[in-house]
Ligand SMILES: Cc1cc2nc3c(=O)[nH]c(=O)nc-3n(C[C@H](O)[C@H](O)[C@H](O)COP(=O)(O)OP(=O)(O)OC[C@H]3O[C@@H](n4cnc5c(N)ncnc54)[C@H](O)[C@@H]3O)c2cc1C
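In the form predicted on its own, a lone chain appears below as structure tokens.
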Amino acid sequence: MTLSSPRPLPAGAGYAADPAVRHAATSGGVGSTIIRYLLETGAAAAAVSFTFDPRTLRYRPCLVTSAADYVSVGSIYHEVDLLGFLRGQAAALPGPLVCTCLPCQTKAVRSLLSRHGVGCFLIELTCSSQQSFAATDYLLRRLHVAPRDVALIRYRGNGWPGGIQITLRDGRQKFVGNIGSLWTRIFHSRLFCMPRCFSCPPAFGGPADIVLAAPWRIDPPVPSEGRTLFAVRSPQGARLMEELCAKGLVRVDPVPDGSLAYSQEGTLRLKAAYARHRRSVRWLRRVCTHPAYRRAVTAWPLLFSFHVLWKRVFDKIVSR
């Protein structure tokens, strides 16, 4: 991957100059702009993208080799086997490759691509936890939507702070916001998150070129077009962001130092608390992942609400 070498760019809050890209993205569209730019200029030969499968209602990874084929899907709130996909393609992966990863995936993805001699540009997304598809399945059940009636699910997009948009086969749409909603309670219930998320280290910014985050606590959760908090983590990432700004593809607003960490403070504090109370958290994981308990709690909305309440109390106790 060849880029010019201007001075490094500090962290900031950016957004795509293209209003369509900005509106369709999770928050701000910086990640989508990076991927499109690298493909358009030939600095990347391919990018890992995701496509929705209407049969399974899940997103699956795919490779795209041109900006015209890249479609921004926003965040995906269910587990995707990114490493399995890359391993299966490793022998034929074109490079350089641009790829978005969760913090727990970044190191493994870079190591895998390095072993196969594939250059890469890695975008790390901050993460509080990743859900299994069972979280989405439970949301549909609570909304009284049959999976067979669903044509498309988008978990983010349509501006900030966005929400889940479910398009039905008859053209109707259902929307569930990301703030104070049923989905918020499902997401933070820990009933559906991946087991590894109970022991996720309180850090981000591993061997990625750039880290992106939604502006929680920075921008008010009122409808707007959104911004992306970012921090560069490599000279390659700094050069790229400088080019995007110089070409007017990304616009950057100054923010106070530490804004990205501040936006994730609640998540980082809880992860640190979980690391301090490993025995209690192992008990929490056994309870939340026990099939019989989950079946019982999700059978009645009142029991689910009770679970959310005691889990919130648990978090407050261990976070003291």
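Numbering starts at 1 and follows the sequence shown. All figures in this text were calculated on a predicted structure; none of them were measured in a lab.
We do not show the form predicted in complex with this ligand, though everything after this point is about it.
| task | Report yes if any heavy atom of residue 216 sits within 4.5 Å of a heavy atom of this ligand in the predicted bound form; otherwise report no. | result | Residue 216: contacts this ligand in the predicted bound form.
| said: Is residue 73 near this ligand? Define near as a heavy atom within 4.5 Å, in the predicted bound form. | reply: Yes, residue 73 lies within 4.5 Å of this ligand in the predicted bound form.
| message | How about residue 262 - does it come within 4.5 Å of this ligand in the predicted bound form, if we only consider non-hydrogen atoms? | response | No - in the predicted bound form, heavy atoms of residue 262 and this ligand never come within 4.5 Å of each other.
| task | Answer with yes or no whether residue 126 is in contact with this ligand in the predicted bound form, where contact means some heavy atom within 4.5 Å. | result | The answer is yes: residue 126 has a heavy atom within 4.5 Å of this ligand.
| said: Quick check on this chain: which one of 122, 212, 153, 240 has a heavy atom within 4.5 Å of this ligand in the predicted bound form? | reply: Flagged contact: 212.
| request: Quick one: from 189, 178, 100, 136, grab the residue that has a heavy atom within 4.5 Å of this ligand in the predicted bound form. | output: The option sitting close enough to the partner is 100.
| Of the listed stretches (287-295, 274-282, 248-256, 30-38), which one has a non-hydrogen atom within 4.5 Å of this ligand in the predicted bound form? | Result of the contact check: 30-38.
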